[in-house]
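Quick heads-up: it's one chain on its own, the form predicted on its own, in structure tokens.
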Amino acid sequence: MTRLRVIIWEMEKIVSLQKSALKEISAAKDLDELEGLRRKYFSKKSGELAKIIKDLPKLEPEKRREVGQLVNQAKVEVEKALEEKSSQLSAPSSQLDWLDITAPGIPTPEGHLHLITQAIREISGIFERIGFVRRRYPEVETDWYTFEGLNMPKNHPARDEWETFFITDNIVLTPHTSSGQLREMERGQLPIRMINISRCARRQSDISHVPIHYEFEGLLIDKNVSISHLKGVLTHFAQEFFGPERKIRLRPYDFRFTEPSFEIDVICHLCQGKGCRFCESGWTELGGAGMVHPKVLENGGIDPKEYSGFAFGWGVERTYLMKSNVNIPDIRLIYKNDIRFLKQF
């Protein structure tokens, strides 16, 4: 056999031995079997790889270098496989030492809808049952739909009272859901019975205000609509949402987009109308309402001589806080995402 053929034969033998070792290691079922394989290949007296390593000095220098590189590589790969398999076979035993498979599992914590989502769904349901249709309109709006089209010209001082977030001179984060009124009128589908619930933005933050809050806007336009219809709808909502014992009142006010205009108050849920430190008068303010101003109807493409209507806009958070079973001293707590607080609702 020539020198080259001897070298090739030796190298093929080593490669074949490595493949065989890796295959047997992979198939090992337990640590005892794995230890037997370790002795088979690395025992000083009879280990198959150990014998080849032991015989390397007997080879000619040139042959020794080539065969030595290959056998060392095989030794590293087999040792690595033995260590990995040992870790794999040892892990389940160490992990199961502490596990009692008969013990009951730990229940997965259950979440629930945020209290404002709950309030929005309840409000929507009350109005939908009396024929109102839920709408959604832009939260980023133009000056026309937000102010001027609602009978609030550029020089009107009420613009300052909104403390609006202006993006440009003509684009704002809408401060009230009333901006959806004109868009609903422009649909041209009369009569209108709309409930619009959306996020609004105002530059206010204290115990009763947050910069980003939710409002719900009601709009009803039809022939021969009167204040009696307005009061009837709002009384129905108050008794459904707060309870049959809660009463409301209409207090004259001034809004540019309604005429006449009213503030809607509800009997205080703490003192039931007797007067306390929270309400002082026995009543707490819910929000604004009134008969849609003829100018607003015209801006929406509706003839005020043929149609009339009413509108109201209230804060979802503020309305929710008026419930008899709710006692939240600071409205900002609602949005702090404190699980200890939210899980109460």
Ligand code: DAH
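Just count from 1 along the sequence shown to find any residue number. Just so it is clear, the model here is predicted, and its values are computed rather than measured.
One more form of this protein exists, namely the form predicted together with ligand DAH; it is left out here, but the text below deals with it.
Note to self: Heavy atoms within 4.5 Å of ligand DAH in the predicted bound form: which stretch in 26 to 34, 49 to 57, 309 to 317, 65 to 73 meets that?
What the structure shows: Contact-bearing stretch, as computed: 309 to 317.
Item checked: in the predicted bound form, the residue from Tyr214, Phe237, Tyr145, Phe255 that sits within 4.5 Å of ligand DAH by heavy atoms -> Of the listed residues, the single hit is Phe255.
Notebook entry, point to check: Using heavy atoms and a 4.5 Å limit, would one call Val296 a contact residue for ligand DAH in the predicted bound form?
Noted result: Judged by the heavy-atom cut-off of 4.5 Å, Val296 is well away from ligand DAH in the predicted bound form.
Margin query: My question is simply whether Gly290 lines the interface with ligand DAH in the predicted bound form - judged by any non-hydrogen atom within 4.5 Å.
Written below: So Gly290 counts as contacting ligand DAH.
Note to self: I'd like to know if Arg202 sits close to ligand DAH in the predicted bound form, meaning any non-hydrogen atom pair within 4.5 angstroms.
What the structure shows: Residue-level check for Arg202: yes, a contact with ligand DAH.
Margin query: in the predicted bound form, is there a heavy atom of ligand DAH that lies within 4.5 Å of any heavy atom of His269, even though the partner is absent here?
Written below: Answer no; every heavy atom of His269 is more than 4.5 Å from ligand DAH in the predicted bound form.
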